[in-house]
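Only one chain comes next, encoded as structure tokens, the form predicted alone.
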Amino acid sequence: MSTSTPDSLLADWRAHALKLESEVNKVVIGQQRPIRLITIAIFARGHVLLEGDVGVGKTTLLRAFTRGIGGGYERVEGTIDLMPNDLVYHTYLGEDGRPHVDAGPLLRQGERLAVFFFNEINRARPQVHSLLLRVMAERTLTAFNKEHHFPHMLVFADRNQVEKEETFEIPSAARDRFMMEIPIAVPDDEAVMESLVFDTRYHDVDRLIENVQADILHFDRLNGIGLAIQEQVQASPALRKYALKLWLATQNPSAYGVQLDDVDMSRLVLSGSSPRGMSMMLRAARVNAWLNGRAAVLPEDIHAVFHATLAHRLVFSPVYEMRRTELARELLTHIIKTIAAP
């Protein structure tokens, strides 16, 4: 696809992106914010960590998006005995009593693979993480004496944050590979909660997903559209200076006057956001501006993706690590309030 995509075509794709959001919101209710962030990730072409308890609709959400963008969907469950090869191939005894080999979840869809969901990724061993992270970065895999390509694949991974036995936490360097971590919580609207519990249409996921209009977007054109968005949505020099101050404040918040109650700010942060993190933040901010019909990034576009793109990248001192989710959000909120926007 040409990178010189005309404005009219980008506007047309924006209409389709908003249509996709609308369709997903029909079947996954009470999750407007996560749905917007996943839409941003799809067009920014970034992998996503999902944060949330069991049964809040993560699988339904991803299947709904996959139906809307087309392409293949695969899911794997993280377990203590999962091995790297289990992502690549599956062995079994056939009716003839002989061993057979079938393609595993990474290879089954071939180049049509659009969404790969790794549920409870921290239950899998680090060797499995290593293979997945390599595929995420390179979008290729060598198996059966052949190089396989996944040019359109986005990885979504969920972490079990309740049970700690037999889990292998993802290290900070691995978390940095994900563009976003998106929290998905139980809706607090009583009407929505009542519908989820008592309305039977939300109890059959397969039938529910069929209510999403299929192939609203074309998964194999998203890379080109994503590139065009990055090239055409501009960031002014003032906006870039603002983003730089935000980055420096994640590295040394006390130097910018950021203070948290009952926290020794000199000991809190071991490592702030990485350059990759800031790059991904600005990629996401450009997509947010585009979805809102703007040709330039505003501070509000950065604010819209700031927590989702940076919170999981911060590394805190061990004494604060047990509270990292709470403290990361609090710290980033204070940074936004403290650093003056242009």
Partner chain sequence: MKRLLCLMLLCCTTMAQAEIIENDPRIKIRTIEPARDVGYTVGDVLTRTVILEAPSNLVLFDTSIPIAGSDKKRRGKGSGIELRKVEFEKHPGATSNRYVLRLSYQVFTTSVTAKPAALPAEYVKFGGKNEKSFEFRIPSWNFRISPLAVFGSVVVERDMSDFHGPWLLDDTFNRHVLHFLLILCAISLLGLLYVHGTHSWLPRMGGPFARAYRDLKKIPATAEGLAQAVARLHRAIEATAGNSVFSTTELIERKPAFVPIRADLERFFALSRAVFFDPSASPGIEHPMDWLKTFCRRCRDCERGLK
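Residue numbers count along the first chain shown, from 1. From a predicted model like this one, the values you see are computed outputs, not experimental measurements.
Just so you know, the form predicted in complex with its partner chain exists too; it's not on screen, but the next bit is about it.
This chain is displayed without its partner chain, yet in the predicted complex the stretch 296-304 from 276-284, 60-68, 296-304, 31-39 comes within 4.5 Å of it by heavy atoms.
In the predicted complex, at least one heavy atom of S236 sits within 4.5 Å of a heavy atom of its partner chain.
Within this chain, Y89 is remote from the site of its partner chain in the predicted complex, having no heavy atom within 4.5 Å. With a 4.5 Å cutoff on heavy atoms, Y242 counts as touching its partner chain in the predicted complex. Scanning 178-200 for heavy atoms within 4.5 Å of its partner chain in the predicted complex gives no residues at all.
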